[in-house]
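Below you'll find only one chain, the form predicted alone, shown as structure tokens.
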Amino acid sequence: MIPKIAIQGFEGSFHQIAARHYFGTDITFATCATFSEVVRQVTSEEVDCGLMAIENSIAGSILPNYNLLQQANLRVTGEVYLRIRQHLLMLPGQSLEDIREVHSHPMALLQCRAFLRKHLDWRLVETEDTALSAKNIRERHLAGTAAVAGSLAAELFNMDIVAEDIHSDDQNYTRFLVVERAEKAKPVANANKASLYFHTDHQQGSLARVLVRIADRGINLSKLQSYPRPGYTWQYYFHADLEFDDARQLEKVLEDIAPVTDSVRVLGVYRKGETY
């Protein structure tokens, strides 16, 4: 059976590009308008698993998604890092000289600001999605209109890339997590990374005691993200990503931090992701 993957966004999106890198091309997709819908489809077993962005190297953490993961009955089973390459797409046979309007998501337009500022006569139109912009131009045969989108959108909608890599920062990467329903997720072989949630009491030095015990086990704390703990004013949950060489390190550190935390939940143990 061909796996079905829930992704946020539309056909041709960067989520789909990342999913292809992680799972290969022999998959089908359920495109979702929101990350909440991705989580719903995974937890209801309408799909085999989901792929959702969790942070970007420029924009930072996607905080609502940390909250979604904390509340849902999901398990992180993998990750992938994708370099975000933005291109200028047009209908076949058109060129830069034909452009009157450029359509794309506001964040994509912002990421390409330096390039777009060179063409002040172009009208910038904010849309819902990068790939959807390309699809609309194709379906409506909008001559003189370009979309800022990825290479997969050009491939799927038969559009020409009239300008490659127009983004301002070459070091723009997004990290995506692979999530499965907890009861169905199988252990990951040769795991070397874990994501977990914990919270401590609201006393001076509580967080420091946790971090010291993690460091003492030779584990790399690659991510520490706080977000509000519902019902407790000015108290926070912490999401931590831990990188380790041996599974016994993780077992020991979980034992070590138990006495200095109020609760700990392991969200997933998996392989550190490849970068594409």
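Just count from 1 along the sequence shown to find any residue number. All figures in this text were calculated on a predicted structure; none of them were measured in a lab.
In what follows, reference is made to the form predicted together with a further copy of the same chain, a form of this protein that is not presented.
A single residue from the set N56, T43, Q70, S36 has any heavy atom within 4.5 angstroms of a further copy of the same chain in the model of the complex; that residue is N56. The contact residue chosen from F115, Y173, W122, Y197 relative to a further copy of the same chain in the model of the complex is Y173, the criterion being a non-hydrogen atom within 4.5 angstroms.
Residues placing heavy atoms within 4.5 Å of a further copy of the same chain in the model of the complex fall in a single listed stretch, namely 200 to 208, out of 127 to 135, 140 to 148, 200 to 208, 91 to 99.
Mapping the unseen interface onto this chain, I219 counts among the residues with a heavy atom inside 4.5 Å of a further copy of the same chain in the model of the complex. For A215, a non-hydrogen atom is located within 4.5 Å of a further copy of the same chain in the model of the complex, even though that partner is not displayed. In the model of the complex, a further copy of the same chain sits beyond 4.5 Å of every heavy atom of A30.
Residues of 216 to 235 lying near a further copy of the same chain in the model of the complex, listed in sequence order, are G218, I219, N220, L221, S222, K223, L224, Q225, S226, P228, T233, W234, the criterion being any heavy atom within 4.5 Å.
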